[in-house]
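Next up: a single chain in structure tokens, the form predicted on its own.
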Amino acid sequence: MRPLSSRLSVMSGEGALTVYAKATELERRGRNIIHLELGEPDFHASQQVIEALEKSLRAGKDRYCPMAGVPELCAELARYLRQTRGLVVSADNIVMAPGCKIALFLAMMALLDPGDEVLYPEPGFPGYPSITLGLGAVAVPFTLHESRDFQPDPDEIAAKITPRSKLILTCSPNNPTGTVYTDEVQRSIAKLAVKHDLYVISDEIYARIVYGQSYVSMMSYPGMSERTLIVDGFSKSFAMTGWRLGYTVAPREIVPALVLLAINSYTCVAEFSQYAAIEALRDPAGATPRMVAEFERRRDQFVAGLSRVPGFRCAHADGAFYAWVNVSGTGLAAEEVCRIMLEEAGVAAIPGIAFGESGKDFVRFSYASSAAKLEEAVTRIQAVSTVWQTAVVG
């Protein structure tokens, strides 16, 4: 047989899914596992959204529909983005996709040629370098240092820009650190993008999950509306992970390219789910603010608990629902800490190396789980921490 495409050799999987597979195998063997590896809210879509889905199906909304998205949903998204982020966009700037990963993949496909350089945050979502390399482009990381509270360093980004640079990827709130980029940092990145005529893809999937502050989109800075593509969706802010609903907000001249790629891949997003998504955006019951308030309570509880574990160092994140824990004080590699927690304590978490080399001393926990499970997880981790306490003493 002839070999498969060479692009597969440079692309990578996703650490969360690898850990999840191991954890579920242990469950099949009868183990009780607390899943803190997946970035999936333990909430579900509101009752109003479910009813809207049922209504759309009964109305026969199960046909092919416009490739860019149902016009009513795109118009509602434009209103939603104005209300929640102060952005002035129209329905014509929006292209729906079956999930944010597809939206990200096609946005990068529309922008990149082989050899183009992409600057991306590390630690960060593993899809950034994987998709970049799969498209034949060059992945150039900029580091989110603990000493800078995991904020990007504009000077580092500036130093890594070359004539081959074409795109900067930003993610605020960041996965895995939970960092919300400051206005100063975002403004500096925007100036670099304008100065060097670069595109920016702003991953804003966690934009609604911020604590004690307002969210500012990269698209809102001077000169950015014509060069920024926002990737967002319904999985995190509306607890609709399995619905596979994402979208791209793009300059109008880029939209035809995204639609062309949609035609050549998924054709269109399920019509009935798009009509239900309109109700999610309107959120008459206030489901999203209540969920975010609960995440904030869980964050405070969980970080306090983890900070009592010997060898762990954990700060409060300003957004998303992840605890990014420095475990270098255990004296063990983060992978070994995760193995002990999973196999001996039944707590699944992700070693930070899954998010890039700069995450090697860290572990990511998701606190998108119940307060009771988070409390039990801390108790179990504390119980097995004697393993690395003994190692450090030894």
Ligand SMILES: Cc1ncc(COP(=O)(O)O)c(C=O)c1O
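Note that this is a predicted model, so its numbers are computed, not measured. A residue's number is simply how far along the shown sequence it sits, counting from 1.
Below: the form predicted together with this ligand, not depicted.
Shown alone here, Asn93 lies farther than 4.5 Å from this ligand in the predicted bound form, counting heavy atoms only. Within 4.5 Å of some heavy atom of this ligand in the predicted bound form lies at least one heavy atom of Tyr206.
At the 4.5 Å threshold, heavy atoms of Asn175 reach this ligand in the predicted bound form.
Using a 4.5 angstroms limit between non-hydrogen atoms, Tyr128 touches this ligand in the predicted bound form. Contact annotation: this ligand lies within 4.5 Å of heavy atoms from the stretch 230-238 in the predicted bound form, the single such stretch among 230-238, 291-299, 105-113, 130-138. Among Gly305, Pro251, Gly99, Gly311, the residue placing a heavy atom within 4.5 Å of this ligand in the predicted bound form is Gly99. Only one of Ala262, Cys171, Val200, Ala270 lies close to this ligand in the predicted bound form, with a heavy atom inside 4.5 Å, and it is Cys171.
Using a 4.5 Å cut-off on any heavy atom, none of the residues of 261-291 reaches this ligand in the predicted bound form.
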